[in-house]
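Given as structure tokens, the chain that follows is alone and in the form predicted alone.
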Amino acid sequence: MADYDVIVIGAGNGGISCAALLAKQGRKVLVLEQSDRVGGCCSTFVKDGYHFDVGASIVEVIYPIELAFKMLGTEFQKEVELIPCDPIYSYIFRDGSRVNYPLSLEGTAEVIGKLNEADGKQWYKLADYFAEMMKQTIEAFFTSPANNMVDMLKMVAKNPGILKFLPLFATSYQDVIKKYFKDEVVQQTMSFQSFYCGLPPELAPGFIALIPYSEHEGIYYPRGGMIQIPEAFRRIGESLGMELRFNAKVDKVLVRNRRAEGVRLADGTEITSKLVVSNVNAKKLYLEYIGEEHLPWINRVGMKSYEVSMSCMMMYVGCDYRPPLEAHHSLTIGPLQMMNDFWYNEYKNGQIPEDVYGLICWPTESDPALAPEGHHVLNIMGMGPYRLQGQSWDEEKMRVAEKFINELSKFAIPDLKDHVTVLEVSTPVDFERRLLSPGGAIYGLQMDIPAQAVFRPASRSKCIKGLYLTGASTHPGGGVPSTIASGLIASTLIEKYEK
């Protein structure tokens, strides 16, 4: 007799949402989380009264999240208070000038039109195209499994309008942006979003160009920090009987005759179950937790062929003044080609970037309660490679963080360096240590075309019976809505196949 019906490894968004949904099905569920809190990258920690988000900074494309809560018998907005963010972005250039894009399509068209009249009109064409794409594809892509080609054919048969957008899979993000916009400054304001799939504009697939439009359908910040989303799943799951254990690191998945039968913890404790759901990186799962000896040769080769996604460093800054910013999200950016050059010349060569490019998140603009009165929180993301050439992140991280803050003080956040009261830094190496994410990967596995949908590790394992996958390294990929969608998909597959 197994100890549990299901053991879920990891309480990130994918794992905790799946666990809650499985508890709703009436299953006896145990969640094992190696850290002291839920959420993984979508979490929040507190230092000296400042609440810092670990990685994820907003939530958008909320349809799959709403559906997951609906399946749990409630509503997303009842469980988590969402604060709308408007403007969507403030783009800060090296000379200190700014371009702010408001939530409304009309307002953004007006801003773009002031930069280039023709591009202002083109904005509506891009918006119309991707609005139709969202209507045709979001529900299908985020709620349907993609375990094999049959699943993909079913997805298309159910939503034939998807076929219209197939050309996006044969072009790049950069090509799409250049097709619509000719002004270099306008292109520049659209350059960074490609990194939301972990790739530069030249390499990111064309369908990622959906993001500059999708953000205008609404981006939100959860009051109380990003951890409120996984905490809501935890709260509901536990009310349904789900059990959650913190500081419980899994060492191995117990496999017999290519069937998952439970897990072994790092302290040697073995816990048995009928099913295992993994929210850890798929490469780590198969090659370490399961072990190559349990995998057919083709699965061993395939798993080793995957590349983990890009990494980054995060600077968590508490300050004793109101930073002179104009939006919840600000971007310090460069032209499209400069973003590509950074990738090839610095990131891929293990170099710390010379220029300060990245995302500045200002959570206390949306929720002042996240810092002591009169103080503010900034979460600053800078792109950085996992392996530094001839340098150590442990030795360099504070120097790099101080350089970022000093540079940002010159053109993006005047006087910041004189008002820092708390500074914490997480490098790619730190993310690997704390979140057990190989290479500090923030999107699990690379999200180029050869690792999308049916080409990603399957939600229902093809080589280990009773094993299911959630999280960024399975379909539909990285990001808050995507990982929650993975939990939804895994739970529906279990309901279908595991009576």
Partner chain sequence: MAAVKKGEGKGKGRIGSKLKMVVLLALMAAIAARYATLDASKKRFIKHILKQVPYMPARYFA
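Residue numbers count along the first chain shown, from 1. Please read these numbers as outputs of a predicted model, since none were measured by experiment.
The same protein also has a form predicted together with the partner chain, omitted here; what follows describes it.
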Item to check | Heavy atom contact within 4.5 Å of the partner chain in the predicted complex, the stretch among 27 to 35, 448 to 456, 42 to 50, 55 to 63 | outcome: 448 to 456
Next on the checklist: Counting any non-hydrogen atom inside 4.5 Å, which residue from G350, G302, P372, G291 sits next to the partner chain in the predicted complex?
Outcome noted: G302
Next on the checklist: Under a 4.5 angstroms heavy atom criterion, identify the one residue in D367, E217, E79, E202 near the partner chain in the predicted complex.
Outcome noted: E202
Next on the checklist: Let me test this: is every residue among T171, Y344 and K462 within 4.5 Å of the partner chain in the predicted complex, going by heavy atom positions?
Outcome noted: yes
Checklist entry - Quick one: is N148 in contact with the partner chain in the predicted complex, heavy atoms, 4.5 Å cut-off? => result yes
Next on the checklist: Taking the partner chain as it sits in the predicted complex, is I298 in contact with it (heavy atom to heavy atom, 4.5 Å or less)?
Outcome noted: yes
Item to check | Any non-hydrogen atom of F165 within 4.5 angstroms of the partner chain in the predicted complex | outcome: no
Next on the checklist: At 4.5 Å between heavy atoms, is W393 in contact with the partner chain in the predicted complex?
Outcome noted: no
